[in-house]
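What follows is one chain in structure tokens, specifically the form predicted alone.
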Amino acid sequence: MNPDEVSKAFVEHYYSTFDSNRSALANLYQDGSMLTFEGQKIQGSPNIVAKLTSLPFQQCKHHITTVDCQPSGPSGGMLVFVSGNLQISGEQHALKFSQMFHLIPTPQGSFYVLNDIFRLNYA
């Protein structure tokens, strides 16, 4: 698969899982992974999933607008930058967001998230 196909498949998997069962995102992160969520740094898969599952809404839907990808480093890593809209259940207006992932290949042939940066974009 080329990087664009991998990043598209990752983005589809990540956001469909986030929208349906956030705790299932645990296998995408490892102990060395870091999430920066609105400026707050969280390290390690259990802590990242704890943060994502404790967000103050139960149901949401991500609508992806753009996905940009670049190869990163000699080991086959990838940078993936996503922008889109986040519709929270019960809210009239969607929130605009940006998110960046640094994906690292695993020996099993898949990828894990080493770095994840999320920001809401306020007008």
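Everything quoted here is computed from the prediction, not taken from an experiment. Don't overthink the numbering: it's just position in the shown sequence, from 1.
Keep in mind that the form predicted together with another copy of the chain is not shown, yet the notes after this line are about it.
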Another copy of the chain contact at Asn47 in the predicted complex, heavy atom, 4.5 Å: no
Gly39, heavy atom within 4.5 angstroms of another copy of the chain in the predicted complex: yes
4.5 Å heavy atom contact, Gln87 and another copy of the chain in the predicted complex: no
Contact flag, Leu28 vs another copy of the chain in the predicted complex, heavy atom cut 4.5 Å: no
Ile64, Cys60, Leu52, Met34 - the one with a heavy atom within 4.5 Å of another copy of the chain in the predicted complex: Met34
In the predicted complex: members of 42-79 within 4.5 Å of another copy of the chain, any heavy atom: Thr66, Asp68, Cys69, Gln70, Pro71, Ser72, Gly73, Leu79
